[in-house]
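Okay, so here's just one chain, in structure tokens, the form predicted alone.
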């Protein structure tokens, strides 16, 4: 049984998101395309003899402001530990260190990815034999996006986003991600949603070639975008700047506030630096789709 496990947890982008209606449980039924991209949080789990569970944030974590990343039981990482303890009947004692790179509360799934990494690490460190479907069900208890990070690196999500079907997807593209320094609550966005059931989302099944991908990209739409823009209109400026730089498509990821442009060739350093300049306080990152079969990368 291993005593140390390092996992790189990727961000996700939504390539199209339709909201199909409100569910009886208060959530919404959606249809979306998830793709994991190579912007990673790096988590190191070290099993120890005693001392309980501790969580440390590495000092070189990018863009994390004081108090923004809780280290107590409210953190999804520790909630994932407690879930496994209850499900497997164990008491964990381990140290968890995380280097945050994925912006927090940005529509990129960073918290969900970290929770998925924790579930996987716990099963490995404590020799817990759990089928993938059951592990995914554990993840769904923590959040709708968690199950995605335990599976394929590109998938179509239905229901709350946790009913997943792997998809074939052309992956020779880049994305520039811009996260402005604004907070947009996912709950408030869904609560303010005026359903537009006629909105289109691309069908990315078997979009393995460049032209098919571009055609699907042109049909993509995020039904949440209008609400996000009402709450954070400065995102409109970033959408315009990404289009000026030749983006084949510009989208809000999930419930925002991150907006990203899709590029069919690698953006130049000059382009990226021009977006980072100006003292706006926005995070600007370049990422590509993950090409590994699974979203999480175990080192």
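Note that the structure is a prediction, hence the values are computed from the model and not measured. Positions refer to the first chain, counted from 1.
A second form of this protein, the form predicted in complex with a small molecule, is not displayed here; the remarks below concern that form.
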* Would you point out which of 168-176, 224-232, 99-107, 133-141 contains residues with a non-hydrogen atom within 4.5 Å of the small molecule in the model of the complex? => 99-107
* **Touches the small molecule in the model of the complex: residue 111 (any heavy atom, 4.5 Å)** => yes
* 4.5 Å heavy atom contact, residue 121 to the small molecule in the model of the complex -> no
* Any non-hydrogen atom of residue 76 within 4.5 angstroms of the small molecule in the model of the complex -> yes
* Does residue 52 reach the small molecule in the model of the complex, with heavy atoms at most 4.5 Å apart? -> no
* Of these, 246, 70, 240, 26, which has a heavy atom no more than 4.5 Å from the small molecule in the model of the complex? -> 70
